[in-house]
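In structure tokens, one chain follows: the form predicted on its own.
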């Protein structure tokens, strides 16, 4: 995890809020560093994590995780991490006969209208175990990234339904957290992606939006991060609070600074 980002969010692994949905969004840049942050953050918080990884392999996340001080292999072996490798699973679903319903079963169905098998996978992965003592602090669902489901043929409404049921189970019933990434293509004609992004924005308690620089590539500033806290239950005037920082990604950390305050500029 990135300590500077924790400071900006005023949180640490031992005092994170529960029952929250965090939306990660990237536009004209790669926001995957945010996924790696929250994955390592919740593993260090001793949470039970279900990671639906639709865009990268397990080895990719594992290598980055080691740089951030966590071992995904060990977490998976001790039952703390349940990892769905979408790239590998998709091949198995399409080219091999499945004896039991697969989380990505919709890939084999021409008119698949829902993601119920994927939801059942998440619910089974995070359900409490009656072992007499609480082994994990609380459950967490992490998805990277939801936009892939649209590319695979699912509609935005079906994906939002999936998120709704996951929130009801993970956030409300189990008092856990959810973190999902959605890519903002910036294409005005991509209505499905806009519906998904807008729908999730209204449901989220925290939105982290990574954006590329309007001026283009810069060696010392890799992009800017907009942080938006949303409090749906509060009056409009007190509901939203937003800050914007620029950042530079390094090998094992990310540096954040106010706009125009990069050490290279000063």
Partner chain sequence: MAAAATCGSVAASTGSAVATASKNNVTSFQRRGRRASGTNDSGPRLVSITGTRPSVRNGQLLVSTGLPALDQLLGGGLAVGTVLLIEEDKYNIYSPLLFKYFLAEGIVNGHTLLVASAKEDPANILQELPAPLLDDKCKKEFDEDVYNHKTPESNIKMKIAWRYQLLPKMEQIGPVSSSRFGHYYDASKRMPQELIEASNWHGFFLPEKISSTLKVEPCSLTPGYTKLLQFIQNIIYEEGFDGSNPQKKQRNILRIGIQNLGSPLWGDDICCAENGGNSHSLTKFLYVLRGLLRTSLSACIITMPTHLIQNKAIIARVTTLSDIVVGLESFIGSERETNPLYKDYHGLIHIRQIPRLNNLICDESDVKDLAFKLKRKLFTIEAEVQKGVSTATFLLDGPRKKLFPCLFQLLEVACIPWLMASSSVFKASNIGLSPYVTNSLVFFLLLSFTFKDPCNYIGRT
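Positions refer to the first chain, counted from 1. Remember, predicted model here, so these are calculated numbers, not experimental data.
Just so it is clear, the following notes concern the form predicted together with the partner chain, a form of the same protein that is not shown.
*Asks:* Applying a 4.5 Å heavy atom distance criterion, does residue 253 contact the partner chain in the model of the complex?
*Replies:* Residue 253: yes, in contact with the partner chain in the model of the complex.
*Asks:* Is residue 82 close enough to touch the partner chain in the model of the complex, meaning at least one heavy atom pair within 4.5 Å?
*Replies:* Flag for residue 82 set to no.
*Asks:* Although the partner isn't part of this model, could you tell me whether residue 129 comes within 4.5 Å of the partner chain in the model of the complex, counting any heavy atom of the residue?
*Replies:* Outside the cut-off, so no.
*Asks:* Quick one: does residue 44 come within 4.5 Å of the partner chain in the model of the complex, counting heavy atoms only?
*Replies:* Close contact is absent here: in the model of the complex, residue 44 is far from the partner chain, nothing within 4.5 Å, heavy atoms only.
*Asks:* Check each residue of 152-176 against the partner chain in the model of the complex and list those with a heavy atom within 4.5 Å, in sequence order.
*Replies:* The stretch touches the partner through 152, 153.
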